[in-house]
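In structure tokens, one chain follows: the form predicted on its own.
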Amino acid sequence: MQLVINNLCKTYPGGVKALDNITMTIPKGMFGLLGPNGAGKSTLMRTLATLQTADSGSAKLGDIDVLKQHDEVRRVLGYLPQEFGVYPRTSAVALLTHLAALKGVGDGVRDRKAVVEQLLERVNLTHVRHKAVSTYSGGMRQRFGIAQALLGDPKLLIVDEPTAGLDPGERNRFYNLLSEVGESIIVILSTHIVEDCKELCTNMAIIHLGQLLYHGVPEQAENSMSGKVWEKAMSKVELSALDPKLKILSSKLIAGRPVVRIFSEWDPGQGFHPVAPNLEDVFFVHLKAG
């Protein structure tokens, strides 16, 4: 099953184009939707999740018309928004059982209970299943969010900015869980963190100001910039006097000194040396070109 999106458009009041003729095909596996805040990622996610309408265009998940057959989409959809609320004193097992009943999961109470227990074990929350979800750490809440999104064995899982605020350990556990899920279904991961795409996704897209700037394989995107990324450590005075014609990709302070990376088809001189491109370079070169 593939998700095929053609010429999808959405303009908000005031003339803001959140989606500007987005066209791409998303296959089974982990798909990274990369872009800065306000790029249009959440609008696309909410549209695919049937939470808002598009102005024009089409989206098909297999034989399902995503923009018209909302009930059919919801039967095969799992959705983890950037923020989700929980009942203050409700345990994970009780809340997940309630959500399973609402979604029509299982043939009865006993069958539903077995599904819930399996899901909690899958996301490694069995030991805290009787504790209130509101008392969970950020990473535990996100894992519970994945559990509720996996109710009913979805064919499409949409995850919006999932690792914001997680510590490195929780982030790694969440990565491992998403990677496992993405082996058998379509998982769309919306993020502004380049590392998320690098570590997780077999395919990706870069969106900025509602426009699709890149669509392809992360490794191929990096390889396409081989020999075109240059770096130099310099003083702050040198940075302020840098040639304005240079295409600066990024500037970071390392040990108190700016380290500048630029994009150039040829040797720019001025003390710059070639470096291996990374996905962050790809991200910035498309953003600055777009």
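Bear in mind the structure is a predicted one, so any value in this text is a computation, not a measurement. All residue numbers refer to positions in the sequence shown, first residue = 1.
Beyond what is shown, the protein has a form predicted together with a small molecule; the following relates to that form.
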Answer key: of 62, 36, 29, 258, within 4.5 Å of the small molecule in the predicted complex (heavy atoms) is 36
In the predicted complex, residue 16 touching the small molecule (heavy atom, 4.5 Å): yes
Taking 4.5 angstroms as the cut-off for heavy atoms, does residue 12 touch the small molecule in the predicted complex? yes
Given 40 to 48, 246 to 254, 260 to 268, 226 to 234, the stretch touching the small molecule in the predicted complex at heavy atoms within 4.5 Å is 40 to 48
